[in-house]
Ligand SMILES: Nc1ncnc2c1ncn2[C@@H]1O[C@H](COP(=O)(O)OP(=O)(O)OP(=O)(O)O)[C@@H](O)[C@H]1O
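Only one chain comes next, encoded as structure tokens, the form predicted alone.
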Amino acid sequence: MLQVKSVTVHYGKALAVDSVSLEVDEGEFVAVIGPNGAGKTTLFKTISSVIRPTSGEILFEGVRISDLPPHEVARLGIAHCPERRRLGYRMSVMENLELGAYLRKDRAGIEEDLKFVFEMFPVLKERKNQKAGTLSGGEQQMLAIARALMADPKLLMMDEPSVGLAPLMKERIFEAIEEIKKERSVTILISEQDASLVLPMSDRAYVMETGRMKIEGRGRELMENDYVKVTYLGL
């Protein structure tokens, strides 16, 4: 479904992503783990075309997307749930969810997806008329995930969904991600610093450090990798 081929990204003269390649098959749950500053967010922004690569190419379902504007990438079926949520903070919860579905015309499908996200995150239903900026950090993360789901994406990209959250809220968010994985026919690409949360549910995973892919393998296999155990799992 997604092919990232030898992508390099610069910020001015600074190298952020160095000849990175990555693949995601339809129906997979693929994780990119690594420390803060590894280049994960830059990679995700490049996939969604918010940032243009210096070199390399990105294909989605065989279509080259690295030259497309972000709204065309979204139209093809990629939903990007960004780091730090990036909500419409002065908009209500409901308005944010409606914004997620702005490309859709299937009213019945929109209502069905709205029911799903409200069942998964009941607090959003309770606060649907409340301004997004008044929600807690965890509730805002729920809303960001729900907004992305309202696009009915083929590929859901979630960038650092646990960042800045308390441990109990992290667990709640990942319970929801597990539910999405089981209940929705959506391919998932996720970046995360907390390897202990994401590796057990990943079909495959990549370890990204200093702008490069260091290790690749099946999620549970990487949990037994000596380097990953010491560096990311604290074992």
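We number the residues from 1 along the sequence you see. A quick note: this is a predicted structure, and the numbers were derived from the prediction, not measured.
There is another form of this protein, the form predicted together with this ligand, and it is not shown here; the text below is about that form.
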Name the stretch: of 65-73, 178-186, 31-39, 196-204, exactly one has residues whose heavy atoms fall within 4.5 Å of this ligand in the predicted complex.
31-39
Applying a 4.5 Å heavy atom distance criterion, does residue 95 contact this ligand in the predicted complex?
no
Using a 4.5 Å heavy atom cut-off, state whether residue 16 contacts this ligand in the predicted complex.
yes
Spell out, yes or no, whether the shortest heavy atom distance between residue 160 and this ligand in the predicted complex is within 4.5 Å.
yes
Indicate whether residue 11 is a 4.5 Å heavy atom neighbour of this ligand in the predicted complex.
yes
